[in-house]
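Take a look at this single chain in structure tokens; it is the form predicted alone.
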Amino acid sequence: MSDTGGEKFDIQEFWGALYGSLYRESDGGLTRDVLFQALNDLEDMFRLRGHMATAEMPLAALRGKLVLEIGSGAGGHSALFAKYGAVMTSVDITNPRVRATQAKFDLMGDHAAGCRAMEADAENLPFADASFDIVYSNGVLHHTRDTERAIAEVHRVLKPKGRAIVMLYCKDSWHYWINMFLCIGILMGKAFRDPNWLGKASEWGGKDAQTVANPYTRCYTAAEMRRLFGAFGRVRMRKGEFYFYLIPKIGRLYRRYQIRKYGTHPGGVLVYGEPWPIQSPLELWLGRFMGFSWFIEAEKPAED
């Protein structure tokens, strides 16, 4: 690949714009009390969804652990782990997201002692080998220029027997094959005209009109996942996250029904900028078989 600097700038530009669209309003009104209530709501939402932030992350055992989050976004996940006593180092390639994460640590005071947010590139982490007990990354590394290199960096900075907790998009899923590939890629003809059709069709949200394109989105089969994490010892994977409202066109109608039937959860405000539409029991069950998320737990061998 060429033009690395230009591609990195494009990534920063897109995710910086998305930060403003999603979080500018909700982050602007944060106080210490509001933040801690939002963290309680966030944890409850994650438990309801079976998200890896509570299922794979040992919240009760985080105190004193050195944890790196790659791609901290607005800082909700990192702040939750800090609340449980993790010593967080939270990196993002986009400066507004770094500032938002650090602002949450600052609001938390002694609850985030030793925690820091900084700008860094997932493919070239500025940390020594074997620096962290846990590396956590939620839906980030499939948006990098070189995902294989980013996973290699995760492995490098982990201590022996350290754990990687990572979410990457699942190709063996309803959302990829039906919603994205069939409806957008084939029926709308996007896959025939643009090699980055998936990136351009995914990720935007919030209140602002989209003016910049998402440079990269990748999805992985189970076999591809095993190759990506081949340097690790024990690797566990499970699927999650199925939503009927993501089906093009008719999903909008379902979303209205979903919100009337099941309501919304305030835990979404901190990580999505708005309350999260609660999934039906059927969606939660279907997520185990055809969800769009791979939740990965991988342990670095004691000796490499």
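Treat the numbers as computed from the prediction; the structure is a model and nothing was measured. Note that residue numbering begins at 1 and tracks the sequence as displayed.
From this point on, the text means the form predicted together with a small molecule, which you will not see here.
Among Gly139, Gly185, Gly199, Gly85, the residue placing a heavy atom within 4.5 Å of the small molecule in the predicted bound form is Gly139.
Exactly one listed residue, out of Ala117, Leu228, Ile93, Ile165, brings a non-hydrogen atom to within 4.5 Å of the small molecule in the predicted bound form: Ile93. No residue in the set His175, Phe181 and Gly287 has a non-hydrogen atom no more than 4.5 Å from the small molecule in the predicted bound form. Between 187-195, 126-134, 94-102, 156-164, the stretch whose residues reach within 4.5 angstroms of the small molecule in the predicted bound form through a non-hydrogen atom is 94-102. Mapping the unseen interface onto this chain, Trp15 counts among the residues with a heavy atom inside 4.5 Å of the small molecule in the predicted bound form. Contact annotation: Tyr19 falls within 4.5 Å of the small molecule in the predicted bound form, judged by heavy atom distances.
Proximity of Thr144 to the small molecule in the predicted bound form: non-hydrogen atoms within 4.5 Å are present. The shortest heavy atom separation between Cys170 and the small molecule in the predicted bound form exceeds 4.5 Å.
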